[in-house]
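Shown below, as structure tokens, is a lone chain in the form predicted on its own; questions about how it binds or moves come after it.
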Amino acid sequence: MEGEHPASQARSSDLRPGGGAPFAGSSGSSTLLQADVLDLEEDEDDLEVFSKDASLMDMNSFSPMMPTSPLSMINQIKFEDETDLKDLFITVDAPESHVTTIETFITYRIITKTSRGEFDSSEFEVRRRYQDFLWLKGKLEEVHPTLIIPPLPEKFIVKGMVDRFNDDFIETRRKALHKFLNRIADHPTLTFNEDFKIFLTAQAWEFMEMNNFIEIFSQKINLIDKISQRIYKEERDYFDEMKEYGPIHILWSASEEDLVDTLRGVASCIDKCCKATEKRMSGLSEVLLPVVHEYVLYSEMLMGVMKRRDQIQAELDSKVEALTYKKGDPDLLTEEIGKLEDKVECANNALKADWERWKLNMQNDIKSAFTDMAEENIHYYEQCLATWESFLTSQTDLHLEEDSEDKL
């Protein structure tokens, strides 16, 4: 036996004719049995020490007499501490389809839970696309050229499926990406790679959020622009009709002696409301409409900016893919990737800084325009209301005077 006491090995060898092991039914069976009994008696103290002082649950108190091989010791330690050694848990789920100005792609949610001190938090949630997994694989191969990096699923064909937006394809890829990350996490060296940590924690999707914001903003601002233009046109038509409405009452009063005051009062109210409407229209055309339409144009500009930014990123991604699959001169591709990375970083930093400035200005401009319009509407309706209330009061007073005269 591999971990047997040397003295026992010697005695056993002496009992075996020619050094061979006895078989059942051999002539030396009784002699060997007696010798084994003597051997056990001599080792009784050793067994007692093992039973008292070398418990399997105490991995720090192995007796030198313990019949345990180095391999079994390692396995025992691994078995006892297996749950404690696992300090990085990764889940890949929730695939989503994204449509940008130049491409459509799938992203996957990656949830990381860890107790490692080098992480800033115990839990992270990011979204990554297939190109990002390619980037990670390339970085691992670059830093660890002689380690066995887990494979990624093929870019398009998995289990014979060609449509990369097919539900079965997406689910198969999700499972493969989940396995890819967990194999890295379980690797004794790759799991501590800095690029792996960046991949799991870095929030790199602000530009996707910008694209989504711009898309929604463009839809809403265009709709508001169309409705505002239509309201202005209807207000203009209403104003033109109102201008003709007042004079008709004046002409009518000439042939109605008993209604002269009433008709002239209505004409006066209409004239005042016309002036208030004209002022309201002026506010609409000078305050709200120009601001809304300006941001319609801004939305088109922003789409162009994001398209140019995405083109730079797409060019970088294509070079990274070419390097990963060795589709060109590695040295030349590496140089081009370095330049494109700098270009992408500069573009991203400039866009992020300008984005915050533009968004703040937009919010202030839109808020101011709608607030001014609301105040203008309140003033308009209050003025019209006061005009018509004044007319009603005058008519009520007139009726009271007439009733008094009749009684007299």
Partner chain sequence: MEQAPPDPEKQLKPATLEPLGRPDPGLEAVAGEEAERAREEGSEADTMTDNNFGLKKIEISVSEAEKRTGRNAMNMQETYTAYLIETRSVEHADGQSVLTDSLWRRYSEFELLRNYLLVYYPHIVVPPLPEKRAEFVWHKLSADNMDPDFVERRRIGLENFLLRVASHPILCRDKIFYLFLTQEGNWKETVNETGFQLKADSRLKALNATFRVKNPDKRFTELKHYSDELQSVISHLLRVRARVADRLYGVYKVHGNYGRVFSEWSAIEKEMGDGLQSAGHHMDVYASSIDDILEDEEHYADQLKEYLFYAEALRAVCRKHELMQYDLEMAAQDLASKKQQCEELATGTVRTFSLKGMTTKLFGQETPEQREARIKVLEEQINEGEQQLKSKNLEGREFVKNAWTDIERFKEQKNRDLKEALISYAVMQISMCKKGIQVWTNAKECFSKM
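Positions refer to the first chain, counted from 1. Just so it is clear, the structure is predicted and the values come from calculations on it, not from any experiment. Definition used throughout: the rigid core is the maximal C-alpha set that superposes within 1.5 Å between two forms.
Form predicted in complex with its partner chain: not shown, discussed below.
Among residues of the shown chain, Glu294 is not one whose heavy atoms approach its partner chain to within 4.5 Å in the predicted complex. In the predicted complex, its partner chain sits within 4.5 Å of a heavy atom of Ile221.
Ser255 belongs to the set of residues with a heavy atom inside 4.5 Å of its partner chain in the predicted complex.
Under a 4.5 angstroms non-hydrogen atom cutoff, its partner chain in the predicted complex has Thr262 among its neighbouring residues.
Heavy atoms within 4.5 Å of its partner chain in the predicted complex map, among the stretches 321-329, 146-154, 184-192, 226-234, onto 226-234 alone.
Screening Val92, Val266, Leu136, Leu88 for any heavy atom within 4.5 Å of its partner chain in the predicted complex leaves a single hit, Val266. This chain lacks the partner; the member of Glu118, Asp167, Glu96, Glu241 within 4.5 angstroms of its partner chain in the predicted complex by a non-hydrogen atom is Glu241. Residues of 361-385 lying near its partner chain in the predicted complex, listed in sequence order, are Met362, Gln363, Ile366, Lys367, Phe370, Thr371, Met373, Ala374, Glu375, Asn377, Ile378, Tyr381, Glu382, Cys384, Leu385, the criterion being any heavy atom within 4.5 Å. After superposing the rigid core, the C-alpha of Gln131 moves by 2 Å or more between the shown form and the other one.
Distance between the C-alpha atoms of Lys139 and Gln311: longer in the predicted complex than here (change of 3 Å or more). Whereas the displayed form keeps them at a certain spacing, the CA atoms of Glu300 and Arg129 lie at least 3 angstroms farther apart in the predicted complex.
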